[in-house]
Structure formats: structure tokens, C-alpha cells
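This document starts with one chain, in the form predicted on its own, laid out as C-alpha cells.
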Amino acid sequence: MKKTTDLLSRSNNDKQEAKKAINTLQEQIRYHNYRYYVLDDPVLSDGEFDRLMVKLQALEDKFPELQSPDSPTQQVGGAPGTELSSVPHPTPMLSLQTVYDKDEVKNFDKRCRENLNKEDIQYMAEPKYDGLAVELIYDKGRLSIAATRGDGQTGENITANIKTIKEVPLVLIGQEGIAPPDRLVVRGEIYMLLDEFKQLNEQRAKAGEPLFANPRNAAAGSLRQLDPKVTAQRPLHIFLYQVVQSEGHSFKTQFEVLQTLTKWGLKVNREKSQLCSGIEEAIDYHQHLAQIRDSLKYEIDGVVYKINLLSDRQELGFRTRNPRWALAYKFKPRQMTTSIKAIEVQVGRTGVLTPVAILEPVRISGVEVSRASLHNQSEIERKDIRIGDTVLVERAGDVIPYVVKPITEKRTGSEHIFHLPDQCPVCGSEVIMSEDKKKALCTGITCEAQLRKRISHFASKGGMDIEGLGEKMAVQLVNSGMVKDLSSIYQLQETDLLAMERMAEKSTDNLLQAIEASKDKNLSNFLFALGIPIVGEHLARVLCEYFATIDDLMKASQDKLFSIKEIGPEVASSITAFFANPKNLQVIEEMRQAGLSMSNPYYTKESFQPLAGTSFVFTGTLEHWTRDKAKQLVESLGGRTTNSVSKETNYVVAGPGAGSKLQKAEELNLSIMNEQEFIQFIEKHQKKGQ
């Protein structure tokens, strides 16, 4: 490697030698990644491997034009995106038929043997991973597309995120003389190791971030990040198990598929996959895996049987939703009995009250369980769960514990019926409960349990639109003690923010400017930003049509609110409870004193709604007004805006770049305006109300 080191000090003119050295280093690193991640048999120490990476990085830094997108140095995450696009699957990603009983497995085998006219069938038995199914497409040996299952026909494009996973090769290799095919479509499962999942949740707890419910949710959430750098920080792994297309290479069996994928640098679970001669051997494999599952480093919830011979699969074919040649034989849910010592109430970040059973500790599949969510009051009453009950507890998905049912035969008469409290256990504010008793919400705007979430919601685009005040910043502000309620946002000073971690002069100035600009938001934004339970953006605008000021709304009785067409009894009760809380009123008054204007362009003076009953659709580009401004004008005059064209649409406003919506409007013979005509239309109706 002396040659690569020498190149670092030579002139930029020697690109040819640099290119050769970079290619050599990339090939070496890919090989050692293969030994480490796929074969689990490294032949190089970590220190020696790190030195190869350092040399490659240094050469690429010196010759950036020679750096390729699939270089091993690029598996760290690229620039954030704005959304995950859709990707069509070459062939549908179907689900598997699932059974829980041995007799159903034997019936599956019987059907396969009868249809194939065979006495015995070889099955490839593989663990059923509790992760996220993905599809990888390699063209000319290089990773081109990665996607989630989605709806089976199309998935989410997660290519940038998949590339951050070290076990996923960006370039396929060829071992033992077996070259990768020109095009390879392969499917597998992304998962997270149990100990790494635990560490991740511990880190999130310290940072004040919400915990992941289980490793599968953590893996799925990590893969769907818009910023690949976030994905790169998550401990994700992969097992590949199915070839969908392989141009230039054919297979005879599933066993051969698994053997060959390894030779191309793709990771399969060779250790826990087994070729079985007949269904009895396959069932024995299921029993063996059920016995050792608690010793595995990752979650599995069953076994997948696949007919080994691919020609037999082709003959059996597919149903609408699943193949006829494969079956998922899931493990029975893991349950134990214990008793409920007490029921505690947790207040979530959105103000939802959740009852949690405090259990006499019991071990379920090697894990001690002492708490279980009871979900809501409706669930407690439906199952008739009481404090002191002996209950059956199950780890749903083998991870989340929940109470299946009480064992009523063991009741002694000392058990107690439980009801969620009328007042929040954290802040003492009134609690409102939905009619179906499935949701109970704290109405306190100053509730400590909700403060971080309330701040980020208050600053959201639909609310006060304070750019830079997201959830991470909210956590910092609350943890530092600088923000104790929403009104504290308007008391922040430059010196306070500069003292915070990762806050430079420019970011501080930008945040303070955004806070100042939010003072001119209208009443509709403010009402939504307050986070009144059950009041979203639409209902906030409806309220503004009927109440000119926030004072008018705060004085409104429940009956008056209920008289509004779109306001039901639950919403009316929620609004009056919210404004009956003196702490909420104090925070609102402090924000008004800080300079919030709360203008109301939606107030219709009760009778002036010239566009009532009409609906508009906007398509293409607007130059005079923004799309949001145009919609606001329509709604301020009583009209309605929608995103899709239908027979019920009255007007379509079409600007440059209008596409299918305009075409559909023409087909339906709807009224179509350009932007100038729309402006004149609005101005004419505005004059009527003057």
C-alpha cells in the first residue's frame, strides 16, 4: 500500500495512478466487508481495515472527481430529501399465507403433493423475521433501487437510506467463478438486533425523544427517514432470501439461491436455514426454532416453508394475495398469568391519558414483564379488567406486553373497578373523554408532560410557522428551563439562545426573526397552534367564520358552539373546557401582551358568504398569489377548496403547468378560469360585502 500513500503527496496530474489505486482499495474493502458482514469470518483486524478506509478517503479527498457514488466511503448518508417517492415493483411483493396449527401445515403439504403428483416434497425452511420487507435491484452489479413493500404493487423509494447499511453491498462481487447477473432483483428483511434496539431506546430516552415500541417499528422508522444521515446512525441489518429476477443466471432450487447470493456478497441466514426432506422434518425444524428463539439476537415470530424446487413453484403458481408454494407457520403467542397490583395513568406528549397495568413481575419468554398498556377506558370496560385481577398477559409480536383477559374464576371480591380520572394527574387540568371512551385528553396548555410536543406543534407550518423551532429545539428549550409554557417562546433573548448547544449567531438570529414574524399570524393559525383537543386546521377555520375575535370564542357557550353545523358535542365540550382553564387563559393573555395580532380574514359577518356552497380546485402555477393565499380568499368568502376534480366541483383555476386536473375539468365541462379571471372574480365578490 506504499503506492497509495505516496500518491497523497504527489501532484494532481497523476490521476491515472490515483484511479488505479482507488479502484484497488475499493475492491479490497468490498472483499473485507464481504468477509465481515456476509461470511462472519474476517481475515483482517479492525485496525488494518480502518487504515485501508483512511487511505481510500484521503485519496478521494485529494481527487474528488474520482470518487464514485458506490465507493465504500459513501455509506454514510447523503443530503436530506423532501419526501419518499413511489417505485413500482418488477413483480408484485405478495404476502404469505399464515397458519398457527400443525394440521394446517400438513394440509398445505397435502395440497402441494396432490397438485404436483408427488409423494414427498423438499422444503427450504427459514426463520420468519419480524422486520421490514425490502426489495433491492442491481443493474450491471451496482445497486440502483431499493424499495419497501408498500401496497405490494408499488413501494417507497428508500435507495439513499439502504445505501447507509454496511451489510448491503453497493457493488456485487463474484466468488468461486460465479459472476453477478446483469440484472438482479432480490428481496429480504431489514431488522435490528435486540441489544442494539435496547441501546437505541436508552439513547432516545436520555434525549427526551419518544421510544420505539419494538425493533420492527424502529427499523421501519429508520428506513423511512427523509435524511439518510439519520438512517446511517441506526443499527440496521439485513437478511436476503428471495430472487425475483436474475438476468444471465438461472437457479434450480431455493437452496442454490441462498448459496449463490452469498457468493455475490449478499447476506443470507445460512446458519438458521434448513433443507427439509418432507413435511415432518419441516415441522421438527419449527419446534427446534421455537425452543431456541429466545437465544437469538433478533426477533422471529415463526418459520417460512418454501418448496425447494423452483420448477415445482412455477407449476403451482400464485393466488391473488400469496404464492401457493410457500407458507408461514407462526409460533403460538407467548402468554403467562399474573396479577394487576395497580393501574397508573400516563400522560403522553399529545395529552392522551393511557392507563397502564402495574403487574406482579412475570417472565415471558425470558423477558421480565411488570407493566402492560390497557390502552383506554373502553378497552378496560370491554374486557372488564379490575385492579387485583389475575390476568392472562401476552407479548404481542413477541415484544409488546398486553393484557389478554382477566381470569374471572379467580376473583375473590376484593378487586376494584377502575375509571380514568376527571383531572390530569400531571397538571390538574380537566380531562375530556370521547363518547366511545377510546380517547381521554388533558386540556391543560401548561401540562409538563405535553410541553415539548405542544411547542413543536405550536411552531408547525399549519400553526404559527416558526421555522427552526422543531421537536429537537423544543426539547433543548424545555430541558434548559428557558421555556416553561407557550408564552415563554416570545420571551426568548439572543443571549439565551447563543448559550445553547449548536446555536450559532446566524441560527439564533433566524429563529428570533421567525418568532417575531409569527406575531402577525391570523386567528385560525393561532387556534390550531394552541392544540385544543379535537380541533384541527379545518375546524379552526370554521370557528373563525363564526367568531370575529378570540374573546368572542372564549365567551361562547357549549350550546352556541354546538349550533354550528360542523361542531359536534365532543368538540363543543373540548373548546369550552379548554377556555374554562385559567392557566390556558393566562398563557393566551401573555402571548397577546407579547404582540400577537390574531387578525381574522375568515369572519363572514354571519350573513356575507357569497361563495357558500361552491367548491374550487387549483391546478398549475399561480403567479399573483400563493396557492395557500388563493385558498384562504375562497374560504373567507364561504367557498370550499378541494384537491381533486369531480362532478361536484364548481370552478377550476388553472395556471401554467396544469395537467390531468385541467384535462378532467374539460371532460366534465366544468367552469375553468385562468389566474387573472380568478382575481377579478374574487375582487367582484369582495366588493359585494363592502
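When you see a residue number, it is the position in the sequence shown, counting from 1. Fair warning: this is a prediction, and the values are worked out from it, not measured in the lab.
Form predicted together with a small molecule: not shown, discussed below.
Interface membership of P323, the small molecule in the model of the complex, 4.5 Å heavy atom rule | P323: contacts the small molecule in the model of the complex.
Tell me, yes or no, whether E135 is in contact with the small molecule in the model of the complex, where a contact means a heavy atom of each within 4.5 Å.
-> Answer no; every heavy atom of E135 is more than 4.5 Å from the small molecule in the model of the complex.
Might Y129 be said to contact the small molecule in the model of the complex, defining contact as any heavy atom within 4.5 Å?
-> Yes, contact at 4.5 Å.
Should H457 be counted as a contact of the small molecule in the model of the complex, where contact means heavy atoms within 4.5 Å?
-> Looking in the model of the complex, residue contacts with the small molecule do not include H457, since no heavy atom lies within 4.5 Å.
One residue of R183, R293, R149, K519 in contact with the small molecule, assessed in the model of the complex (non-hydrogen atom, 4.5 angstroms) = Selected residue: R149.
Which residue among F547, F212, F108, Y241 has a heavy atom within 4.5 angstroms of the small molecule in the model of the complex?
-> Residue within 4.5 Å of the partner: Y241.
In the model of the complex, segment of 497-505, 89-97, 466-474, 414-422 with a heavy atom within 4.5 Å of the small molecule = Looking at the other structure, the answer is 89-97.
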